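The chain that follows stands alone, in the form predicted alone, written as structure tokens.
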Amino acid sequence: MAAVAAGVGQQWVLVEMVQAFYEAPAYHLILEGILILWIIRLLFSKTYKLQERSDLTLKEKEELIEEWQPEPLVPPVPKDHPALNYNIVSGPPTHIITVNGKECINFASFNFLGLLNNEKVKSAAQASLKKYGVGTCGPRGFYGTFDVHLELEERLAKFMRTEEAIIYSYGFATIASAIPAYSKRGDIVFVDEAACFAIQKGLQASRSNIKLFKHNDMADLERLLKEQESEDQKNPRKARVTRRFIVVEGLYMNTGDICPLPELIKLKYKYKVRIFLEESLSFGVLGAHGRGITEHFGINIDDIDLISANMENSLASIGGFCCGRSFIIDHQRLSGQGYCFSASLPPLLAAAAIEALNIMEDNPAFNPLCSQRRIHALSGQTRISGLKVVGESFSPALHLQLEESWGSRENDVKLLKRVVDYCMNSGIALTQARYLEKEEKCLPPPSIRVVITVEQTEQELDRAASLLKEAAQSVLN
């Protein structure tokens, strides 16, 4: 009885399969047929073994080696590339500079306060040289910390009215080391698209999530902050461990513009982010005493989480510093790559920076004097036909850009170089702003950078403005 029931069951299953076959769509049957044929082919196809390669003879090997042409490590560079044809300076790059054997008025060096050739600064450096020698030959953690380093850090913290300061031996490495010391993979950094290259390298080293906002556009920044706030609400667990930073410059190196710091402070507290402020251009220039953009706007310096600046401009030395609260600065002594792994600042340069600070504190009139002269220079330059002035009137570095492009960036660069050469031949030393074009996040347009210092006289500023007009008319028209 059981055997009969099993047979009937098998017949019923077979009937169902046949019925399903007739009811199935045609494309389904075609696909199944193709798959069945492919499986049968794989099962019955022959297998092949890779043929063993015969050894080459010595002659064949030598012929292959002779034919092989390795690819160049770097792309070919034309001989007329600016990096291979630089100007040679003889003597100190002070108010009057000798370039390629020709004496010129210096509108190119960042010697804002004219301290590079100051006798007091040089005497302090010479005394330190006799006492400590030339260099340190070691990082700060390995017998590279000298008493003069600690004195300089204390003086900088006191001058900036912060709890603590830390110095680096290289200005570029200061902000490039500070950013990755705090911002890590998974953190979020909101950064102005006009940020200088040192900031860009710091962001790259941090491997953080970078969000660029339009230059000095607080509405665009707030839009990004609101979007991030919405993302955080969707994933509160991730938001609790994600740090958020805003990175800006006090005065932008690439544009000469000032950042709207009061508005940034409002956004900081509204969206709970930290602010890193790079003040290499504004330190020693803005504010009644040269303390930078916080003093310029009358903002409490504790509202800024970290301030960095180099000592290669206003202080006429080398290196850079960061200042802020003690627990923030102490973290850099453990995590700042430029601090931990580079030889410390030579003591003679630290002594020079201390003396430069003394002069700044004793002569606060440096800064308004410099501002007045820049305004005068700006008024003379704004009427240059074919060129436009970019930057604030109180910025120590202004940019002259073409009003209209001449078809390509290469053509624009060549034209501006002709303007610079024309001025150089007439005794005014200028320079073009240089960029690593393939690595810049937002490549600025070509420009001539004009640096104004306290040493330049009214007559020299007038002469430079007149010569620029003459050069523009000769080259551009």
Partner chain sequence: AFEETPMLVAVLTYVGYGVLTLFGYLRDFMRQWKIEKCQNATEREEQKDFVPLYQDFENFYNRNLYMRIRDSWNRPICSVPGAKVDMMERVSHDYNWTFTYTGRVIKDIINMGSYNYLGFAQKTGACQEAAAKVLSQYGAGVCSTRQEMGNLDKHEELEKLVARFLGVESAMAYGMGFATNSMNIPALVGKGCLILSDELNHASLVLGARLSGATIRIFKHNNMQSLEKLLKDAIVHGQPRTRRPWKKILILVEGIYSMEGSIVRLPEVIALKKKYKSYLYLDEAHSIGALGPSGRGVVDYFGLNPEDVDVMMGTFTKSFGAAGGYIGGKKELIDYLRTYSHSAAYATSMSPPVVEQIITSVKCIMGEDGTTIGRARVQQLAENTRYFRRRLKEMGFIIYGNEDSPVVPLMLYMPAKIGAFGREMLKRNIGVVVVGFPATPIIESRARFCLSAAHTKEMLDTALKEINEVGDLLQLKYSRRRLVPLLDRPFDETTYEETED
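Residue numbers count along the first chain shown, from 1. For the two forms, the rigid core is made up of the largest set of C-alpha atoms that agree within 1.5 Å on superposition. What you are looking at is a predicted structure, and each value in this text was computed from that prediction instead of being measured.
There is another form of the same protein, the form predicted in complex with the partner chain; it is not shown, and what comes next is about it.
Residue in contact with the partner chain in the predicted bound form (any heavy atom within 4.5 Å), chosen from Lys120, Arg207, Arg155, Arg223: Arg207. Ala108 is the sole member of Leu398, Leu261, Val191, Ala108 with a non-hydrogen atom lying within 4.5 angstroms of the partner chain in the predicted bound form.
The candidate spot formed by Phe297, Asp362 and Glu460 lies out of contact with the partner chain in the predicted bound form, as no residue has a heavy atom within 4.5 Å of it. Heavy atoms within 4.5 Å of the partner chain in the predicted bound form belong, among the stretches 284-292, 213-221, 233-241, 387-395, to residues of 233-241. When the partner chain is considered in the predicted bound form, Glu440 lines it closely, a heavy atom lying within 4.5 Å.
Using a 4.5 angstroms threshold between heavy atoms, Glu103 stays clear of the partner chain in the predicted bound form. In the predicted bound form, Ile96 stays away from the partner chain, with no heavy atom inside 4.5 Å. Although the partner is absent here, Gln126 sits close enough that one of its heavy atoms falls within 4.5 Å of the partner chain in the predicted bound form. For the stretch 316-337, the set of residues having any non-hydrogen atom within 4.5 angstroms of the partner chain in the predicted bound form comprises Ala316, Ser317, Ile318, Arg325, Ser326, Phe327, Ile328, His331, Leu334, Gln337, in sequence order.
The two forms, fitted on the rigid core, differ between the shown form and the other one by less than 2 Å at the CA of Leu436.
Here Glu410 does not count as shifted, since its C-alpha moves by less than 2 Å between the shown form and the other one after the core is aligned.
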